[in-house]
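Form predicted alone, single chain, as structure tokens, below.
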């Protein structure tokens, strides 16, 4: 899993990068919020971001807000880092859109487990998104007629849900993805089409005899 770090302090940035790589993550480091924003808007963007709150330019809180308001793909799981303690700071971070929060100096084991929690949530979100996509595809392709259809014994029209009678073609087209191609069955040919053709031939012959 890819992780982006936005940390302007070189020592803290290096420690984070070293730990994350040790734990098996693919890491991209940036020096400020602007650079992190560009990475997170690019192709194959990291799915987890560790952001320092206090940075020049775009700080961690503002970057959180931008990411949550950005349309399109799913925003990353965000862990904020701050040197300021207190509930108020935590509330501000969560309200800005952070998923988790660590206060410096953080315990390395605590960082590891919090990143692991983020990775599990990302995995669940990805599986859920894939499942939703599969269901949408299935719903688009599986649209079928079900139940008992009231059909006229004589004209073969079908009564719809609004109690109006529709011909079969119209009803099926409204309730399924089916399309029609028209032809003539053998029975109809013998009982309807053939007599009409014979009648037409007789009529043409009669007109020909009269003209002669």
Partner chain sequence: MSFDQVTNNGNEGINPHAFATPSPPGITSDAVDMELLNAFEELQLGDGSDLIVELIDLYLLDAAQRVTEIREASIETEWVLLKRAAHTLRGSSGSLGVRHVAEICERLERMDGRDSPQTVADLVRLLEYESAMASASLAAVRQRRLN
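Numbering follows the first chain given and starts at 1. Keep in mind that what you see is a predicted model, and the values were worked out from it rather than measured.
The same protein also has a form predicted in complex with its partner chain, omitted here; what follows describes it.
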Mind telling me which stretch in 129-137, 94-102, 110-118, 80-88 gets its heavy atoms within 4.5 Å of its partner chain in the predicted bound form?
80-88
Could you confirm whether residue 196 comes within 4.5 Å of its partner chain in the predicted bound form, counting heavy atoms only?
no
Indicate whether residue 202 is a 4.5 Å heavy atom neighbour of its partner chain in the predicted bound form.
no
Using heavy atoms and a 4.5 Å limit, would one call residue 188 a contact residue for its partner chain in the predicted bound form?
no
Taking any heavy atom pair closer than or equal to 4.5 Å as contact, tell me whether residue 54 reaches its partner chain in the predicted bound form.
yes
In the predicted bound form, residues of 1-17 near its partner chain [heavy atom within 4.5 Å]
8, 9, 10, 11, 12, 14, 15
